[in-house]
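Form predicted on its own, single chain, as structure tokens, below.
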């Protein structure tokens, strides 16, 4: 297991601004579903549905993963992040671009502001990826871990490039098969970038936070090869005129391998810990697995539009967010603890991460997310329930945000109190 080098940890504010944006975008997703109603669940080609998907994938997942990456790279992967002063601007540009995207897309991609939104949205992840890759690819310790993260960042750059291509297609500037390009965009982003980073980072965090067995480096190498070959072969076959089933079958081994290993490691943890995180991880993995099985069934017979929506909700709206929210509930108190460790004078005993964010708060978040998951599944199957599901989704992420804010306030209150005690009279 990788050792944490806390002395190399970035200022807590650097990853926190990204991490704290994730539940805010979850609230936006709830508000969008509440306002749009069943129009947001008409089908994968509905513009309102496309907006909802990107609020989840970019707003919730994108902010959470980029924030986690900024913390993880120097601490666990021994990789310096050269961007300092520009990171707040990149965060602002990314989220401003997403705001513009949400406001513009329902009226069509022909708006003159759409290229501006696309650049604001796409440039920050590419800049972060290109800044991190040179250090990740150098020789040194944690070679396979850094290779896995580098692979996911390459997939991120590809995903952004395909997304920009889709904007050109929607504006009529190019004539290419929109549905095939969109499918490749989705698969490269979900499997290559999101799951790819979760696999690499999980090889360290699963043993650390859940007490699982250490993941051998060669397992990670096999998965990277399986995913890379599957993405490349499936994309070529599909774009060359093959059926969608070719893409699904090509990427399924990597997706199913991740789901199987994730469940096996979590359920057979060598050191049982009575925490909420394993349950976030297990429920999220099961939801993701259900989404994959629905997708695989489309190889045998055509899926209805409603089945595709249910699969998308299980994977993008429930599974992946639950896994990342569970990790955020561990990362944010850890960052608050680092802030106290650096801010308090020597000799002061500071509260641990478990005190800053008690386990009962994490279980509260788990329960509301589990209830929200059931309501979202119902709305995906019966869109008439969409507005009610939107209200529940908004409330769920509001509770999540409130618990994280409470953690930071406890740390701030402790720090102010101790500093006041040590001020000269």
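Fair warning: this is a prediction, and the values are worked out from it, not measured in the lab. Residue numbers count along the first chain shown, from 1.
The protein also exists as the form predicted together with protoporphyrin IX containing FE (HEM); that form is not presented, and the subsequent description refers to it.
Contact with protoporphyrin IX containing FE (HEM) in the model of the complex, defined as a heavy atom within 4.5 Å, holds for exactly one of 190, 128, 327, 292, namely 190. Proximity to protoporphyrin IX containing FE (HEM) in the model of the complex, taken as a non-hydrogen atom within 4.5 angstroms, holds for one residue of 255, 316, 75, 198, which is 316. Looking at residue 160, you'd find a heavy atom of it within 4.5 angstroms of protoporphyrin IX containing FE (HEM) in the model of the complex. Interface residue remark: residue 101 is counted as part of the site for protoporphyrin IX containing FE (HEM) in the model of the complex, having a heavy atom within 4.5 Å.
Contact between residue 178 and protoporphyrin IX containing FE (HEM) in the model of the complex is found at the 4.5 Å heavy atom cutoff. When protoporphyrin IX containing FE (HEM) is considered in the model of the complex, residue 185 lines it closely, a heavy atom lying within 4.5 Å.
Candidate site formed by 276, 353 and 362: none of these residues places a non-hydrogen atom within 4.5 angstroms of protoporphyrin IX containing FE (HEM) in the model of the complex. Listed stretches are 260-268, 120-128, 81-89, 237-245; the contact stretch with protoporphyrin IX containing FE (HEM) in the model of the complex is 120-128, by a heavy atom cutoff of 4.5 Å.
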